[in-house]
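In the structure tokens that follow, a single protein chain appears in two forms: structure 1, then structure 2.
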Structure 1
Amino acid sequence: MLVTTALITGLGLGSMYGLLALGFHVTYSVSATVNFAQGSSMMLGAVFAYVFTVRLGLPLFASVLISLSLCAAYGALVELLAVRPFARRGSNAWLMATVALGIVADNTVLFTFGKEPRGFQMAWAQGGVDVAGVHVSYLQIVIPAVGLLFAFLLSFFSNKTRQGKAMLAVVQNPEAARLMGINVPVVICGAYALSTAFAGAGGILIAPLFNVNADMGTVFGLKAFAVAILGGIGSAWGVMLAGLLFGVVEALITSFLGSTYTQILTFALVIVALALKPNGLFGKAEVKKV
């Protein structure tokens, strides 16, 4: 019983972390930079979806589509404003700039969307089925499914499509990629858009289980970063697996040792895991260059 509930909780949360972490993966593998305020992207997804569905009364499908497009646009903005000006000069100030932009985004939402957490109920999300005597809501099945689907799509996209290959090419050799006629700045910007759309999708999915507020992404974003790093950041599947693992371990600690130890132990395990596997659990060693 305890194990089953822990697994269900863990897999659901873990795929959330995985989804956000895929966002880190996408930008890192194209440009070796990430949006440190990825949590804000997630929050924007949930807030947009709430506004379009509940306040403007659009059908769910349409509002999800619009929300994800807006998230993608925000992602491009992050790249243009907070990453490109610094990465171009080889400065690592993008670390701070993305954080600063995240603060601006969070607070802008706070004053436009509102300060109260809002409930985002979706009728179909309420129901569920019983698995091994434990009730599982549909969303808890949908979230891992979507997570795995995205990981699959991403790895399909990057391994099978022309655009995906182009993205991979940019990481491996930006200069040669330009010689193939690939517009490298646009690809990097696109990666940010995609990354933010992933996070936005995560936000929309979590909203019915959680709530919608301006601050909702902060902790998720951090855990997702831990997951991305644990997964080795370079592979979509590695990141997704690390997400599931992280979620399950977290839930198991809570179930068996008690919530007192959850935060301390999970983060301590992150340190231990990275000390033992410096390139992440599923990552490959980078070639040492002289």
Structure 2
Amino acid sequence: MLVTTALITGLGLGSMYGLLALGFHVTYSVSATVNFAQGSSMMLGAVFAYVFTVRLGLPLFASVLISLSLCAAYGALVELLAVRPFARRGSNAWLMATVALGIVADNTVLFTFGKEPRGFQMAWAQGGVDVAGVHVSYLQIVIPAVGLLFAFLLSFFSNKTRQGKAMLAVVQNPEAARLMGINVPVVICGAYALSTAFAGAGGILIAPLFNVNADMGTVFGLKAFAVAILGGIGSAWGVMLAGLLFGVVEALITSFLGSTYTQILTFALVIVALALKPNGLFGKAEVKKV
């Protein structure tokens, strides 16, 4: 029963890591840059949903749509202010700029929303079913399902649609893409908006399981980046499967050895895995033409 409980918990957590890692995958696949404010985007999704649902009394569906739209707008702002000015000059300063903008978002929420954690319960998530003698809430079923669905839709869009292929063409040869009529800045900005919407969705889904507060996304963001690298950041399915694997391993370690060893052992295993497979568990070595 302990193993079953750990597996169920791990799949839920892993799906959250996977959703945030999908955001890293989207921006990297389109622009070869990543948004290190992903953790803040996750936090914003949870905080927005809480404010619109609990404080303003809006229906949950409307709150989710508004929250994801605001998260997408935040992502576009990150690209415009913290990435584009530096990337245009060939500078890697966007690394620190995205971190700084995430810190600004965290502290803005801290001063306006408050530092006290708040519970966010959703009525539909209270029920559940019994699996192998373990009670599983509907939310614990929905979270992995949503994560896998998003990975499928993103993979399908990128590889099977004209618009998705156009987005992938941007990172390979921006000038050629521009000559083909692709608006490169708009595509990159859209990728950042999509990436933060993924993170916001993760925050909304995880909010009933964790208290909503300004710092909730920090650790999730770090783990999600580790997951993105572990899975092979260029593969949507890879990062999602790596997220599930990371979450399950983390839950098993916590259940059998205690939370003291969780971070030590999980990140040690990540280092070992990357030492054996530098391109990630599901990634492919980049082919460079000379």
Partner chain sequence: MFKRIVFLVVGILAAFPAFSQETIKIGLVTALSGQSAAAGEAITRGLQIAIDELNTAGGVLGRKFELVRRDDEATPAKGVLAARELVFKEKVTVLFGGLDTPVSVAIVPIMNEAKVPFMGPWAAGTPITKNGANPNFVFRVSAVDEIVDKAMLQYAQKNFNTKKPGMILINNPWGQSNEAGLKAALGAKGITAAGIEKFEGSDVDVVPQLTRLKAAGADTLFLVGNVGPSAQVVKSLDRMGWKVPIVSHWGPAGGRFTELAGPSAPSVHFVQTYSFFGNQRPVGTKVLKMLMAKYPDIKSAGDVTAAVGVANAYDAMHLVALAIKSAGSTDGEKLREGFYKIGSYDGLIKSYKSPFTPDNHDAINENDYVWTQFINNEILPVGMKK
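Computed from a predicted model, the values in this text were never measured in an experiment. For the two forms, the rigid core is made up of the largest set of C-alpha atoms that agree within 1.5 Å on superposition. Residue numbering: structure 1 sequence, from 1.
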property	result
Selected structure - the one that is the form predicted alone	2
Core fit, then Ser255 C-alpha moves 2 Å or more between structure 1 and structure 2	yes
